[in-house]
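In the form predicted alone, a lone chain appears below as structure tokens.
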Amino acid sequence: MTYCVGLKIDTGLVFMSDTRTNAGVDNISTFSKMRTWQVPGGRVIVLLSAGNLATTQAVISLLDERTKAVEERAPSLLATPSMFQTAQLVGDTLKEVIRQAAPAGQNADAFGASFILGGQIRGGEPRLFLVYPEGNFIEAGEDTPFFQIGETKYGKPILIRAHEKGLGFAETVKLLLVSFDSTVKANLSVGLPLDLAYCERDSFTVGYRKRIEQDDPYFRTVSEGWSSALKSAIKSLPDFEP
């Protein structure tokens, strides 16, 4: 299982993903679910993936392969004129991979995958998309500034309750770490290390990237502080009177 979040803030885009994959309790591995492409001064693209590992790796490999010798290999992530068309390209590539992996008569659901795509191309705004297994997609907006894929149900209440407009990068990372901590504690199929990336508006680069390990002191502080704050909040509520 997987948990990934992409969040749009005033100053850019923030992404976080776990790295755990498993095929049973005795077969757990670590794979990065975050891929980036950059053209200095021109574009930055970040892709988070969830679902069938073979499908997501095939999609990313195809997208990456087609960025080499762009003039000879169209379409390419490095040549799309807009983020909207980049999302179309990712969706089409996903459909292509699933179609090849699941010939007629086979259940395509077993090969399903979903993606969070974000980035900025010169001349446009930072944009964030959720690409569904069917290849169609939606875009984040004022009312829905973040997307989640994978094991979303444990971390989503945190984001819904605590997210507010105007959050800076540091506050957003704190919020995401609480969301991931809640998910990790509730589901063993999601686990550290976590990958974090930040694309500042008009920088056209991943300006900050970090892998948050199990022993990361800030993550431990957030995790312990959140547990303590929850216990204090529960105790501060009035007791039930039968």
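Note that the coordinates shown come from a computational prediction; the quantities given were computed from them, not determined experimentally. A residue's number is simply how far along the shown sequence it sits, counting from 1.
Below, we turn to the form predicted in complex with a further copy of the same chain, even though it does not appear here.
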### Message
Would all three of R35, L62 and G112 be in contact with a further copy of the same chain in the model of the complex, where contact means some heavy atom lies within 4.5 Å?
### Response
no
### The unique member of L196, V190, A58, V206 whose heavy atoms fall within 4.5 Å of a further copy of the same chain in the model of the complex
L196
### Query
Just to confirm, S182 within 4.5 Å of a further copy of the same chain in the model of the complex by heavy atoms?
yes
### Message
Is it the case that A79, even though its partner is missing from this view, gets within 4.5 Å of a further copy of the same chain in the model of the complex, heavy atoms only?
### Response
no
### Query
Taking the shortest heavy atom distance, is T11 within 4.5 Å of a further copy of the same chain in the model of the complex?
no
### Task
Although a further copy of the same chain is absent from this view, report whether R161 comes within 4.5 Å of it in the model of the complex, heavy atoms only.
yes
### Query
84-92, 114-122, 132-140, 147-155: which one contacts a further copy of the same chain in the model of the complex at 4.5 Å, heavy atom to heavy atom?
147-155
### Summary
Restricting to 195-222, the residues within 4.5 Å of a further copy of the same chain in the model of the complex through any heavy atom are L196, Y208, K210, Y218, T221, V222
